[in-house]
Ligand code: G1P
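Form predicted on its own, single chain, as structure tokens, below.
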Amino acid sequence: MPKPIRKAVFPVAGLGTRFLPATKAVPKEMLTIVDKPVIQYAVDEALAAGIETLIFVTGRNKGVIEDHFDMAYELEATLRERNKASAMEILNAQLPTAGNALFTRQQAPLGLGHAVWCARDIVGDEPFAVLLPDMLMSGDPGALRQMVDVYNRSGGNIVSLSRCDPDETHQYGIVSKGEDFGTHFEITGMVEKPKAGTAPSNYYINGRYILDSKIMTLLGEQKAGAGGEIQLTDSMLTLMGQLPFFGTPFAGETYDCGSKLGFLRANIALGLKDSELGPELAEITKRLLAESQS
């Protein structure tokens, strides 16, 4: 039986320049999808998968993320005075267990691989998960839960995947597919944004990983790659020569909230699924579409 996955790393130090000026003073991870910030969806997914320790790799001006996962005494006192019990329940539901949310600084924007490496001392010698909050995964069970189930059977390193149109493979990190095991398959290679017509598959890495702690040593030795940054994929390729890697297609919807269109799509899709808002939003959407076409 492989070691349990107890810790998850959330890289949240990015500047969010694609959403300026909205992200000038508000971290992109705190932009809301319907009624929750993007980061909350990733944390909820991790907790539902059995994660016990949440590790946030932050940067400057990200203090509001830490505040979000802490008590808000003045707000709670006001809600109690006004008998807002349902609002109190919402606040309490999003709080991690005391001491289980840890924060460390990346300090310099040196890439995703460097951000993950910044959590090395907290991760220790355990396998761990990485969740990129920009990628909102909607499904039941959640993406990480599906990955943990595969990991418990296969061990190794697990990468969550989604499928894209073959004409869009140049936009993503694409994997090469090896032996198929039904719920998952062997990954034999990875290529970042392959040129048109050269992609080994149309399975792209969608921002969820379960990794062996050995990758921390590799990241510490990794030289800067594409964009002058330390790339997580480069160290994953090195580790692939030492330990098995498996890909598991995510049975659900993937929304790239790091892009404006993906962010809007997630708001509309999840809004339509909301039992309270959905019916009226559907009517509003139909009306807006009709008006735009008239």
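Think of the rigid core as the biggest set of C-alphas that the two forms share within 1.5 Å after superposition. Given the structure is predicted, the values throughout are model-derived calculations rather than measurements. Residue indices: 1-based, along the sequence shown.
Unshown form predicted together with the ligand; subsequent notes refer to it.
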Requested in this report: Report whether the minimum heavy atom distance between Gln146 and the ligand in the predicted complex is within 4.5 Å.
Outcome: no
Report task. Answer for Cys118 alone: is it within 4.5 Å of the ligand in the predicted complex, judged on heavy atom distances? Result -> no
Query raised in the report: With the cut-off set at 4.5 Å between non-hydrogen atoms, does Phe185 touch the ligand in the predicted complex?
Result: no
Query raised in the report: So in the predicted complex, does Ser259 come within 4.5 Å of the ligand, heavy atom to heavy atom?
Result: no
Query raised in the report: Any chance all of Val43, Leu47 and Gly139 sit within 4.5 Å of the ligand in the predicted complex, going by non-hydrogen atoms?
Result: no
Query raised in the report: Looking at Pro96, Gly156, Gly173, Pro127, which has any heavy atom no more than 4.5 Å from the ligand in the predicted complex?
Result: Gly173
Report task. Spot the stretch among 217 to 225, 80 to 88, 100 to 108, 192 to 200 with residues whose non-hydrogen atoms come within 4.5 Å of the ligand in the predicted complex. Result -> 192 to 200
Query raised in the report: Listed by sequence position, which residues of 92 to 114 have a non-hydrogen atom within 4.5 angstroms of the ligand in the predicted complex?
Result: Leu112
Requested in this report: Tell me, please, whether between this form and the one not shown the C-alpha of Lys193 is shifted by 2 Å or more, with the rigid core used for superposition.
Outcome: yes
